[in-house]
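Quick setup: one chain, the form predicted on its own, written in structure tokens, and binding and motion questions come after.
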Amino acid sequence: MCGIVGYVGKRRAAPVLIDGLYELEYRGYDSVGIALSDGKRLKIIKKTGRVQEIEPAREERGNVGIGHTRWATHGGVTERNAHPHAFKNIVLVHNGIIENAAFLKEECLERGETFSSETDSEVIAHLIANVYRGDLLKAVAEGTKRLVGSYALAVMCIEEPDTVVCARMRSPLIAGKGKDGLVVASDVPAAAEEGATLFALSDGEFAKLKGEDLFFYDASLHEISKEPIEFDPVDDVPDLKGYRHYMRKEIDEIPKVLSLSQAKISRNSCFSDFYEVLCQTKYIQIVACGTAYHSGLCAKEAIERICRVPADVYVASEYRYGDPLIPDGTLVIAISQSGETADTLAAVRLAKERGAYIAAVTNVTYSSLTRLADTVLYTKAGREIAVAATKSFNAQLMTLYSIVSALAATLGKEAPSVGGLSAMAESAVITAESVRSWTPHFAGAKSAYFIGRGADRYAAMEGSLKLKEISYLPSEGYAAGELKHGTLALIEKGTPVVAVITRREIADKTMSAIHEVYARGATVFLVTCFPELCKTPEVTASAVIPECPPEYSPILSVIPLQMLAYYTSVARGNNPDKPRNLAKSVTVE
């Protein structure tokens, strides 16, 4: 959500900013803008729509600037609500939400100040401008003291044309040195040129980019030193390589990602401390949001079936407000692709306050979640450009199943091997291509349903989420046995229903649900590892995946569902990589 980029250096800033904003498009946004300083004036250019709308600004003068992609929170999608925002001599861009903005704005209005937007962000410009006394760093520090909420800021001032000051509180921000200038950004891709040295700001810290010098400060404005973050510049330069969309490319990358994401957890590994924690674990709580929440549900199924250890899965936004009970011996697993999901971070902070041990499953080595957790298991999915998660979900499952195997070992139980899943995924990806023929039944539908039992239900839920995320088709993932308790009322002639069946002993039960929806006019599709089920007259079309341990089956059964969502989105004329209203990294509540 929202993206920030800034530059101070020898080159013209506009091309650097615009190229950086292109690298942040994956975060999701609806408007874009930049501010430039040529030493004499600050010029702001902003538009609704995509980064390409400000392409003409590449020719603008100035070696200092800040840029922003906005995902609307306060105020509609309009040019006046786009960033940067200015008041008096201050111009800034902001990622986050200011919870007390209405109160602060009222104070400003009482002083006779006027506002040109509906955003909470513009209030920050007023606060900083009102305390500016010739030192931008001090003004930013003073102005942000009154803010309640989250923010990543990059601020410029007319009186200090060679300077950008940054501040962070619960929103990601990095700063660093490139070959010919200083950079600030919300994420590495916007700043990861070859040879760059980058640093992640922590909550309450400030950075000042001035001339050729980069300084960091703590909350009291004492200068501090920081360790550079590790990143791979090669991984941060994605290429479509002949694919039409990143989502389709990323589905094909699943087998490789699975082999990379298997974690070897034992007493003799780099996870020896975590292994000892597993030896003492009596309960497991999993906190996550969206797709990561679904991976947590899949993990719960495997944990309880294989290890017989109680596991609960919580939507992170509900966990923090539910006054959770955390008994002794509880392990909390936090799952977040970006490691910056605001609700998940808040849930982790609460769990830590109550004494829980935190294991993080994330894809980003330099994230906020990484710094909060006691143990971090990286999914190694590489950079995922498409907003809708595909390979990162499968990578999360592989890492979580690795935890299941280690937990089973501590209990003297034998867990099924995860070793062959990567090869099976290669077969599943090939098979999944056949679902392209299903799309005519979905492209014109009014709604769709995905059903399953046990682990199949959780794969169905993720498949449903993928479909509605990028095709905008109303969809629901449902426990097959619950159809009779309401959802059958929504089934009519031609309604597409996708059933997932990977556990033999309950296959007949799910087939009963197929009979029920077919009898009411549904068009039924099947994802299964049992070819004989595909011959059932009620099944219009099917995708057969390899048979694997049923506790691990979502890692394969979800692949055809991801492919179905992709091809349905394309058939409906959408861009599957950039669904409307959604963001890759949800950094606000």
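For every residue, the number given is its place in the sequence shown, counted from 1. Because the structure is a prediction, the values reported are computed rather than measured.
Keep in mind that the form predicted together with a small molecule is missing from the display, and what follows is about it.
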Heavy atoms within 4.5 Å of the small molecule in the predicted complex: which stretch among 463-471, 77-85, 375-383, 118-126?
463-471
Whether residue 278 contacts the small molecule in the predicted complex should be assessed with a 4.5 Å heavy atom distance threshold; does it?
no
Contact with the small molecule in the predicted complex for residue 510, defined as at least one heavy atom pair within 4.5 Å: yes or no?
no
Please tell me whether any heavy atom belonging to residue 289 falls inside 4.5 Å of a heavy atom of the small molecule, as the geometry stands in the predicted complex.
yes
Considering non-hydrogen atoms and a 4.5 Å limit, does the small molecule approach residue 394 in the predicted complex?
no
Residue within 4.5 Å of the small molecule in the predicted complex by heavy atom, from 501, 331, 388, 175, is 388
Would you kindly say which of 399, 337, 475, 285 lies with a heavy atom within 4.5 Å of the small molecule in the predicted complex?
337
